[in-house]
Each structure stands twice: as C-alpha cells, then as structure tokens.
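Taking the form predicted on its own, here's one chain by itself in structure tokens.
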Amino acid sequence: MNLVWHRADLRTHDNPALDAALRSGPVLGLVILDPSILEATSARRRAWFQANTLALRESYTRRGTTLLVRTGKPWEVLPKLVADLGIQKVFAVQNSTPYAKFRDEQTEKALGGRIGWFEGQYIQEPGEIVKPDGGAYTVFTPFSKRWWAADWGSPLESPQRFPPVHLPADYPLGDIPQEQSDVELPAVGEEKALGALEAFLRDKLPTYHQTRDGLAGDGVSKLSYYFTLGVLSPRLAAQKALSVGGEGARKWVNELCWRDFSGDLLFHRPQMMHQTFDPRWNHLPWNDDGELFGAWLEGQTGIPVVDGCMRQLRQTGFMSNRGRMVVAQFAVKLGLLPWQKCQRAFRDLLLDGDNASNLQGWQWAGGLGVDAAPYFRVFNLSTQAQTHDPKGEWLKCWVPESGGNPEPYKDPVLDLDFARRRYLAAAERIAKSR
C-alpha cells in the first residue's frame, strides 16, 4: 500500500504523484495540518484550505479509498503513520518555498528516503528553465521565451476508481476542522474549479486581453484561488486555454508563465522572503509609521483608488491585478512603509495569497529590483482610477463617500506630491550607487 501526501495539490486530476502511486499499488491519501503554516496565517485562508481538504476527502471516498488527516510536524507524523500501516512508499508533489524545502528534507530523512517527489505545482517547475549557461533568469522576457518553447507534457486524467484499501474498523481517519471564514469562500473542490475554468474559457477568455486591467476585476479568471492550493492544475488550464486560442488565451497563459517565473525567483533566491531582490533597495529610508500602515490596511487613506482596493480585499479576499500594483506602489514608493510588513499583511487578506507570486509582485511593483522594474515609475493614483474605472462605478461601490470621483474625498494621510519627490530623491541616490 502506498501513501500520497497532498500539500499544494488538493486534486485528483493531473496529479503526477497520485498517478505514480496508483501504478504501483493501492493508495491512501494524506493531508497533514502543519501548525507551522496554518498558525501563521489568517482565519479566512485556513478556512479555504480546510474546505478544500474536505472536498478532497469526499473525492477520495467517491473513488473507493480514504484520505487521512493528521495534525503535527510532517517529519514526526509520517514515520509513525508509515510504520502503523505498513506503507511501502510515500509519494508527493514537490514544493519549493524555503520552509517547504526544509520540511521535505527533514521528512525524507525521517522516512529513510522512502519518499518520491514529483512535479505538478507549476507548469515548469522552479529550476527547470535556465539560461544557456545553466544560470537562473532574473528578467521575465527571456525566461518566458524559453518557457513557451519548453515541453509541458500532457495532463493526466483523474482516476475513476481506486483499488480498495482495508483499514482496521476503528482506525481514525482524522478530523478536518471547519473554521469560520470572515469572507464568503468561492465554490469548493476540484469539480467546481474545473467548472469555473470552463466558464472562464467560454465567457471571458476571448476578451481577457482587453478587460484584464479593470479595477473591479470583472474580466479576470479568479482561478488563482484554486491554483494556490493546487485544486486546479495549471498545466491543464493552460492547455485548455490555448486550445480555445486567440489573443486573450495567449495573454492569460502568459500570466501562468509569470506564476512560474515567481516560483523560480524564490527557488533560486530564498532571501527574497526578507530582503529586496536588489540589496541596494534595502537602504530606502523606510518609515515604520503605524498610523499610516493602519490607514492603508483599513482603506482609510483618503485616496479613493487605494481605499477601494483595500476595502474590497478586506471584505472579499479578492483584489484585481491592477489594484495589487496600485496598493503596493502606494505603500512602498509613496509611504515608504516596510515592504515585508505590508506584503505579509496583504497576503493574509488574500484568499489566493501565494508566497512566491506575492513576493514577486510586491518587489516588482515596489521597484525593488525584480525584473529590472524601473524605480522611477510612480503611479498617478487619480489617473489609475480614471483609466481603469472610467465610469467610477467600482469606486462608488467600495468608496461611496467619493461619489465615484478619483480625487481625494478627505484630507489624505500623505501629501502625494511631497511623497513622490521624497521617494524619487532617495531612489535616485540608490540607483546611482554601486
């Protein structure tokens, strides 16, 4: 009997670890509720993970086998489970964040090497797309050229039935907590995710390249909720989109390339968790102003586009791509708020908060060295609202006191002209340093 340890792959379709395990015998599934991860995040994110774990258990049950759930440190939980059940081998989709690499190294040692690692979290796994000299890419465009030219392989079918597994009658399956979320959760589980993919391909993909930048986010897929937990296979989603074809498909799949690029950056530079990609930007005159941070986080800066984005995030767990750039630029470039503090708080509010993508996005938008983003690019926040919410309908919804007007609706917490000059003066000094 084999054991499939699910982490960021809460699905049965296109799951190489599950496929390999089934080819060598009967299978049990396992999810470990790791306190090092779950206790360090928000209730809404825990609730989303728990709900999708329950959906995966139901999927296993329908197919004739069982998903176990345990709580604890994986390197302590797994050896006991393997010994208790006489497990031949553990199979898992590899993860590549700094903590995941530490966790998996510890677990492999504890199991005496009886674990097989498989691809499946990304379309191209971190470390696979390299320069001709074998080095890692730091700029997206050349990375993407090699990414598009690489072999993706074919998505794997979801198994219809698993070989039966006979556990002792009183063997505990393990409880799945059902924490209350403070926001409404999306539809749960891989079947709903696959349905959401089909709806997006049918209704929004053809015009995605034209509508993706709206502040309301009405033109985007909202599938990142599922990609973050691996409820939906990115490889399957990309290949289905390309089969539809068109400019919208190409643009959307390129966003999945950005996701892979983000994972690759963090894989090669784990210091990105705490430091700027370009170390020079660590020396910006950071301003750990608790009042300013609180106003930004609560959506009370007086600047409609910033407040609308943050209020929507707090109340729904969602923010548009354009909005993410806007709030990061305000926090990092104009507020000079410590970017690490901001991105952590931001990620905990996002239902789709992925470590690698969030870090790349904040460091890119904040001009901190990722992809050679120009430090001197500072958004005009009123123009952002006018361009990406031209009728002011989104602003009226989330900042009714603005009346849909993109100009400040009360005295802003920052003098934007002064803040812009302050940042550019400091950034220019750093940019010229060697």
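Just count from 1 along the sequence shown to find any residue number. Since the model is a prediction, treat every value here as computed from it, not as a measurement.
In what follows, reference is made to the form predicted in complex with a small molecule, a form of this protein that is not presented.
Enquirer: Counting only non-hydrogen atoms and a 4.5 Å threshold, tell me whether 221, 320 and 325 all contact the small molecule in the model of the complex.
Expert: Every residue of the spot touches the small molecule in the model of the complex.
Enquirer: Does residue 361 reach the small molecule in the model of the complex, with heavy atoms at most 4.5 Å apart?
Expert: Looking in the model of the complex, residue contacts with the small molecule include residue 361, since a heavy atom lies within 4.5 Å.
Enquirer: Taking the small molecule as it sits in the model of the complex, is residue 189 in contact with it (heavy atom to heavy atom, 4.5 Å or less)?
Expert: Close contact is absent here: in the model of the complex, residue 189 is far from the small molecule, nothing within 4.5 Å, heavy atoms only.
Enquirer: With the cut-off set at 4.5 Å between non-hydrogen atoms, does residue 339 touch the small molecule in the model of the complex?
Expert: Output for residue 339 is no: heavy atoms all beyond 4.5 Å of the small molecule.
Enquirer: Taking the shortest heavy atom distance, is residue 259 within 4.5 Å of the small molecule in the model of the complex?
Expert: Yes.
Enquirer: Quick check for you: of 275 to 283, 227 to 235, 173 to 181, 151 to 159, which stretch puts a non-hydrogen atom within 4.5 Å of the small molecule in the model of the complex?
Expert: Flagged stretch: 227 to 235.
Enquirer: Just one of 350, 197, 129, 110 has a heavy atom within 4.5 Å of the small molecule in the model of the complex. Which one?
Expert: It is 350 that has a heavy atom within 4.5 Å of the partner.
Enquirer: Of 247, 298, 255, 119, which residue is found within 4.5 angstroms of the small molecule in the model of the complex when only non-hydrogen atoms are counted?
Expert: Result of the distance check: 255.
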